[in-house]
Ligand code: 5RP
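The chain that follows stands alone, in the form predicted on its own, written as structure tokens.
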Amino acid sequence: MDFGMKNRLSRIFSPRTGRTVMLAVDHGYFQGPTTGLKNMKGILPLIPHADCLFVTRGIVRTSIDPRTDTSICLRVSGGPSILGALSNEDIIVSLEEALRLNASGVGMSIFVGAENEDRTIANLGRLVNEAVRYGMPVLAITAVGKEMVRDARYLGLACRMAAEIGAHFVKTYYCEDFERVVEGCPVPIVIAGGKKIPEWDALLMTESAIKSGASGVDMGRNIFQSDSPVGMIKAVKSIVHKGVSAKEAYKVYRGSTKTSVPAEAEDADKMEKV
């Protein structure tokens, strides 16, 4: 691995912890102005707290301050909207454009088990071929086919395929027995936040994923759709980089060490003591 590749990866994954908190704000490329991203000014207070921003080129150009210290991982796949067949994606951004935007990485979706699976895998191979020429890390996002369940067997298959094709890191969903997914994937895995869930559940998922070997998160809706987005990204960051518990992170999210935690957290404590 050459200097450029190592340097770019060090801007995504903290050299101190080897982990990352990526803020995913690319949803508009197929969902349009979704809740929390209708006005991109709303994400500006979050950017300094992220290690890396996963974003489209259009938003980089129009909405991101070029003086930011937060690195950019650029989505380079797209095509269909939420109204169409999402697996019908193609590569729509060139490596030249990614370099012009000073991206530290590029990312695209693969659709294992879905229509157009073979084309998305081939697209990943072509992207890796071109990216390594410029020392550009590639993130493969394991999108889930409609008929596939989010279990360790399926996600393990998708992650391993992505790594075998040459992805430098992989984004996937957290699931039961996540250790098996990590064990079978020779490159770092970051977990997707997925749809908005209660803050406590999102923090517990983050803690469980890190304990199971994940190298961080690429989280969007569970941060920018939170009632306290800055508090939430700080809480997630405290788990990923400081190794605190979900219970302690919840207090970070609420902005006070004296705040009460959900009943589920107290119940979890009681179970651990039995």
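Heads up: residue numbers just count along the shown sequence, starting at 1. Please read these numbers as outputs of a predicted model, since none were measured by experiment.
There is another form of the same protein, the form predicted in complex with the ligand; it is not shown, and what comes next is about it.
Trainee: Answer for residue 171 alone: is it within 4.5 Å of the ligand in the model of the complex, judged on heavy atom distances?
Mentor: Because a heavy atom of residue 171 falls inside 4.5 Å of the ligand in the model of the complex, the answer is yes.
Trainee: Considering non-hydrogen atoms and a 4.5 Å limit, does the ligand approach residue 219 in the model of the complex?
Mentor: Within the cut-off, so yes.
Trainee: Taking any heavy atom pair closer than or equal to 4.5 Å as contact, tell me whether residue 192 reaches the ligand in the model of the complex.
Mentor: Residue 192: yes, in contact with the ligand in the model of the complex.
Trainee: Spell out, yes or no, whether the shortest heavy atom distance between residue 26 and the ligand in the model of the complex is within 4.5 Å.
Mentor: Result yes; residue 26 sits at the interface with the ligand in the model of the complex.
Trainee: Would you point out which of 44-52, 63-71, 27-35, 238-246 contains residues with a non-hydrogen atom within 4.5 Å of the ligand in the model of the complex?
Mentor: After filtering at 4.5 Å, what remains is 27-35.
Trainee: To verify the annotation, which of these, 202, 141, 167, 103, has a non-hydrogen atom within 4.5 Å of the ligand in the model of the complex?
Mentor: Of the candidates 202, 141, 167, 103, 141 is the one lying within 4.5 Å of the ligand in the model of the complex.
Trainee: Who in 55-73 is close to the ligand in the model of the complex, meaning a heavy atom within 4.5 Å?
Mentor: The stretch 55-73, when checked against the ligand in the model of the complex, contributes no residue at the 4.5 Å heavy-atom cut-off.
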